[in-house]
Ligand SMILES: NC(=O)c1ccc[n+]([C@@H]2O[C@H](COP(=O)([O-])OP(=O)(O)OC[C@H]3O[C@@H](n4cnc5c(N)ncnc54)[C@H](O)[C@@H]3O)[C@@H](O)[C@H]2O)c1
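A single chain, nothing else alongside it, follows as structure tokens in the form predicted on its own.
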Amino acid sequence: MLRVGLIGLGGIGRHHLMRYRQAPEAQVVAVADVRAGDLRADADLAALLEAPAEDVRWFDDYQDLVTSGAVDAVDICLPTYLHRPAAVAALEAGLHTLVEKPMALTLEDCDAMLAAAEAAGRVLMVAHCIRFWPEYQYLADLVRSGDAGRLLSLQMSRQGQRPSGASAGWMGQASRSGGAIYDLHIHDIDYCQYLLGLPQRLYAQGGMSLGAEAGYDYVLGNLDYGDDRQVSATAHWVSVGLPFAARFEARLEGAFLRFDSSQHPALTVYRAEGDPEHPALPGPDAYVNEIRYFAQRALDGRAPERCRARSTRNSVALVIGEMASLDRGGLVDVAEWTV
């Protein structure tokens, strides 16, 4: 059993906490949050903890958690600008580390995290949940099997209302969250890399309709793989009452796939013969899948091949390349930022 310390118990932290009950390999036995005093008295929150309430250790400062000896691993759900210091502290303390996406806001921070993991000999994994999302994994399996021929075209999209209310604080500040291009758009950019590898060039269009402080809130990125494949991803944070939705359309030589998270069933597969298919997708949700995968790799001391930290570092690099394309107004070569 992997003893886990959860660092940061905001929105995504609670999402993670709820999933540990479905991960028999791991258990949250400690929590660090600046509001620890208030949170530990929250009966609803205590009900989510699998360990007995009296056995859970609470810390106001994650530095105290990582040096406590109480855990084998940490799950970092802090604001993005805090990912590097928390991850490096955990790794230097000899702890396996799962950190929410995006990995960090700069390549310098990403590389510091990679160096700390290598020096410590511990598992570092970035929680890019779309790599574990059943519908997206169905597409990946179909492409890699070759059963429906070659992928010809992939268009991805993701949009919703911009952060508001309590979540508008750090999330609405590009200096802390990176804005929509980092927090929202990177899901699809990372998936393109997971599915197809690194593109050769990027061309992006978009802008900052909400002001420079909020960063890029709409973006369209075209990924050039040096062949005839059409690959693009678009994202929006908007100021109107738009429900969140994630979508993709993928054309293969022998099939066409349409996914829309706002519909049920969400995934439809069209083939040359037969009626449209709605595949039955086994297993729990993506958050459980990624947590269990991390825990298994940490317990075994094996590299997280499905979600290597270096590849998720390159997803940050691709977003930085897109911003360079926006600034320069043209195509950019991704080798300028990727490793």
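We number the residues from 1 along the sequence you see. Since this is a predicted model, take the numbers as computed values, not measurements.
One more form of this protein, predicted together with the named molecule, exists but is not displayed; see below.
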Interface segment, criterion being heavy atoms within 4.5 Å of the named molecule in the model of the complex, picked from 228-236, 137-145, 247-255, 180-188: 180-188
Residues Leu9, Tyr62 and Ala127 all lining the named molecule in the model of the complex, heavy atom within 4.5 Å: yes
Partner-contacting position among Ala266, Leu82, Met208, Leu152 - heavy atom within 4.5 Å of the named molecule in the model of the complex: Leu82
Of Ala89, Met156, Leu202, Cys77, the one that lies within 4.5 Å of the named molecule in the model of the complex (heavy atoms): Cys77
Proximity of Val56 to the named molecule in the model of the complex, heavy atoms at 4.5 Å: no
is_contact(Arg162, the named molecule) in the model of the complex, heavy atom dist at most 4.5 Å: no
4.5 Å heavy atom contact, Trp170 and the named molecule in the model of the complex: yes
4.5 Å heavy atom contact, Pro102 to the named molecule in the model of the complex: yes
